[in-house]
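In the form predicted on its own, a lone chain appears below as structure tokens.
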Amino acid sequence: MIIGNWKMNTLRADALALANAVMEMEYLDSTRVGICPPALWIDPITRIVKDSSILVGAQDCLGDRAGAHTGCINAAMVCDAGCSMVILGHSERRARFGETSEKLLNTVAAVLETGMFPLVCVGETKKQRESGKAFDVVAGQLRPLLTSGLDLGGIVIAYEPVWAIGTGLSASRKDIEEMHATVREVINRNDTLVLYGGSVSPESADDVFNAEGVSGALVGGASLNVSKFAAIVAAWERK
């Protein structure tokens, strides 16, 4: 699974042009390719890709039902717009809006209830890694899911070291393998997809994808360039 997170980028014309370019990419049927545009562009983009296998997702939503939540969208709205997934708990939202795994449980449940899958992000800061707390931090971000009583069969995890997001840095193959092993040990499910994110690029993709336990990637900046995004998908398929 290779998912592009466009974050707060693209105006309408740019978004539609990029979606059309992604439609032209060639990849194997066994590779699940998806894009997560800004919420404003979800509807026109789902119309563009409707006859393809490309997944479309939202970058966030609330678990609340319809009501007095000015400026927000909920899981049912996202699903009704044609999405297959929602990114939840991205480190940028954890840092800026104080999102925690505990606070996200209601949203995880709501996303699962619609039939979409939540792509839950976990990861440590540079300070936490340097102090030797990386594994405890990531395990702590995962444990609320395990004690929630939710059926986690439809969940996808993305390990994104915070210090690698948008910095051009990528974790070493050893770091990736060790953390993905930790994630799998905590989740304790053989069928859970665990993606890697954090400045994934055509240059780093081969090393990332050859790391044991990696099920694909959550791609940030490189997903805004279809040539780079296609090169990452190709790297996955030749691993």
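If you're wondering where the values come from, they're calculated on a predicted model, not measured in any experiment. Numbering starts at 1 and runs along the sequence shown.
The form predicted in complex with a small molecule exists for this protein as well; it is not shown, and the discussion that follows is about that form.
Q: Can you tell me whether G166 touches the small molecule? I mean in the model of the complex, with a 4.5 angstroms heavy atom cut-off.
A: Contact with the small molecule, yes.
Q: Hey, in the model of the complex, does P37 get a heavy atom within 4.5 angstroms of the small molecule?
A: No, P37 is distant from the partner.
Q: Evaluate E99 for contact with the small molecule in the model of the complex, applying a 4.5 angstroms cut-off between non-hydrogen atoms, and reply yes or no.
A: No.
Q: Can you work out whether A171 and the small molecule are in contact in the model of the complex, taking contact to mean some heavy atom pair no more than 4.5 Å apart?
A: No, A171 stays farther than 4.5 Å from the small molecule in the model of the complex.
Q: Does the small molecule come within 4.5 Å of a heavy atom in each of R32, G57 and P118 in the model of the complex?
A: No residue of the spot touches the small molecule in the model of the complex.
Q: Go through 193 to 201, 61 to 69, 47 to 55, 179 to 187 and give me the stretch that gets within 4.5 Å of the small molecule in the model of the complex, heavy atoms only.
A: Going by heavy atoms within 4.5 Å, the stretch is 193 to 201.
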